[in-house]
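Shown here is one chain on its own, the form predicted alone, set out as structure tokens.
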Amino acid sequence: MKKNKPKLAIVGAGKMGEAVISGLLKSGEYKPQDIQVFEIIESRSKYMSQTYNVKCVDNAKKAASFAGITIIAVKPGDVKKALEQIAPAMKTGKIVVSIAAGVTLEFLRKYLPKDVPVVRVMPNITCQVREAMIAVCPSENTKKEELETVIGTLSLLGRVITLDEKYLNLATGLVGSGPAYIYLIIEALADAGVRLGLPKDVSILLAAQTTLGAAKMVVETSEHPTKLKDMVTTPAGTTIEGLLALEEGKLRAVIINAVTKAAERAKQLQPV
């Protein structure tokens, strides 16, 4: 990133807010003094300041006044209140980023001065290890350089893609919730290893690294997963037997249904 990186305010220091802060600090581009946090739960605020050495302020407006980019990381039902609190601090040159699931750009802009650029973002918890998949959608009044500033910051946390807003809720079911499905698969692989006699800690490591390597192959080679799957599957070998069991269990259909259900739920989270 450029040396004149924007200072950040994080409004809401729950799991996602913490993941963003942790990832940015791990990047080395951001120092604790570049970030201010507002968190309404006092014990959580104390934890954040002690763990990450970031300054936790006593109101959202103060944090937004400090920052070039204010990230709204509260629950969807609390977004309106957060926007109303930061609105007076939204001067020219400041940008609002929302990671609240299901909350539209139209809703976000309604509670901010009309000239304030807003970027709706769907990240996931892997921001913490800087391997997130992040989907972004800018408001119509967001200038190209403002969007580039936001993308440059978010790129420190993983891979960023720009999408039309109509795809954001769909991406939520895949990107936002996806890590939980993968954790379940890793857990199942590890349990299988334990069933076969492997120690639990060894089995978890084998399952997790195998998953990581497989995902990295897809990303780095740009090959279709089917082609990569076929590379592993030899005639009359072990893999085809396992794949048959997965097909008999309808794993593919179950995962598709899980992503669909999560995306449908995202649409329901839009505040009234």
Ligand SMILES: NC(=O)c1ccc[n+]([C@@H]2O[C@H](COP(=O)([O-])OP(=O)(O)OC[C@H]3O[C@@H](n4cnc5c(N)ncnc54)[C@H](OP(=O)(O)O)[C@@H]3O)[C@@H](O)[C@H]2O)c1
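If you're wondering where the values come from, they're calculated on a predicted model, not measured in any experiment. Throughout, we count residues from 1 along the sequence that is shown.
Absent from the display: the form predicted in complex with the ligand. The rest refers to it.
By the criterion of a heavy atom within 4.5 Å, G17 is counted among the residues contacting the ligand in the predicted complex. Among residues of the shown chain, L24 is not one whose heavy atoms approach the ligand to within 4.5 Å in the predicted complex. In the predicted complex, the ligand sits within 4.5 Å of a heavy atom of D78. Not displayed here, the ligand is kept clear of M90 by more than 4.5 Å at the level of heavy atoms in the predicted complex. Comparing 184 to 192, 161 to 169, 116 to 124, 148 to 156 against the ligand in the predicted complex, the single stretch with non-hydrogen atoms within 4.5 angstroms of it is 116 to 124. The three residues V11, V74 and Q85 all sit with a heavy atom within 4.5 Å of the ligand in the predicted complex. This chain lacks the partner; the member of I99, A135, I95, A132 within 4.5 angstroms of the ligand in the predicted complex by a non-hydrogen atom is I99. Along 216 to 242, not one residue places a heavy atom within 4.5 Å of the ligand in the predicted complex.
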